[in-house]
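Shown next as structure tokens: one chain only, the form predicted on its own.
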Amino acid sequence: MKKIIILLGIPGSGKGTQAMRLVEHYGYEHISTGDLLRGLQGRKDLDQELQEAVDTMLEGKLVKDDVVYRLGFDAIRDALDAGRGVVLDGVVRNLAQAERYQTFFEELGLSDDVQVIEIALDDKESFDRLKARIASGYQSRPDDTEEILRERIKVQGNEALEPIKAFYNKHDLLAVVDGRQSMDAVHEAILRIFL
């Protein structure tokens, strides 16, 4: 079993749900940059870099890579030191991050212990799902508005995902699962990757 599972997918693809199911199934640590950042909200002891990162997130924009690495690498090291694998959910958002994380795993001697899984969804389905979440109040983030949703899909949609997928394909690490299926079917498809 691979120690590092990286989930890719545009907003609304179900990455968070599938990450939690994998964590439950394998006893791994769930690491999400968004969760790490949201966990900083309201804290008074943040340095300027982290406070700016929280403000940027609340505007629906992408946080600087240096902050992503700082938070993510620390959380990964902590989990691995505790003897647990990790499920990275929404951690790799651009090509530079994919390259930097891969270098980090190589430095830890874990380059053969990485599996990348894309939960594939088109941008329109993404917007419809996210909009439905706002309407129902289900899993809606406090920072979600239609305008912010459009911005998130613009910066985190399929166009942004293409170079990341190409990078992982080149390293023969990427498996793709159809995100239009039911949550259970997606979960089963992900588990089959590890057989």
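All residue numbers refer to positions in the sequence shown, first residue = 1. This one's a predicted model, so the numbers in the text were calculated from it and none came from an experiment.
Another form exists, predicted in complex with ligand AP5; not displayed. Remarks below refer to it.
**Q** Quick one: is residue 22 in contact with ligand AP5 in the predicted complex, heavy atoms, 4.5 Å cut-off?
**A** Contact with ligand AP5, no.
**Q** Is residue 38 near ligand AP5? Define near as a heavy atom within 4.5 Å, in the predicted complex.
**A** It does: once ligand AP5 is placed as it appears in the predicted complex, residue 38 has a heavy atom within 4.5 Å of it.
**Q** Is the gap between residue 46 and ligand AP5 in the predicted complex 4.5 Å or less for some heavy atom pair?
**A** No - in the predicted complex, heavy atoms of residue 46 and ligand AP5 never come within 4.5 Å of each other.
**Q** Residue-level contact is defined here as any heavy atom of the residue lying within 4.5 Å of ligand AP5 in the predicted complex; does residue 164 satisfy this criterion?
**A** Residue 164 lies outside the contact set for ligand AP5.
**Q** Does anything in 169 to 195 come within 4.5 Å of ligand AP5 in the predicted complex by heavy atoms, and if so which residues, in order?
**A** 179, 181, 182, 183, 186, in sequence order.
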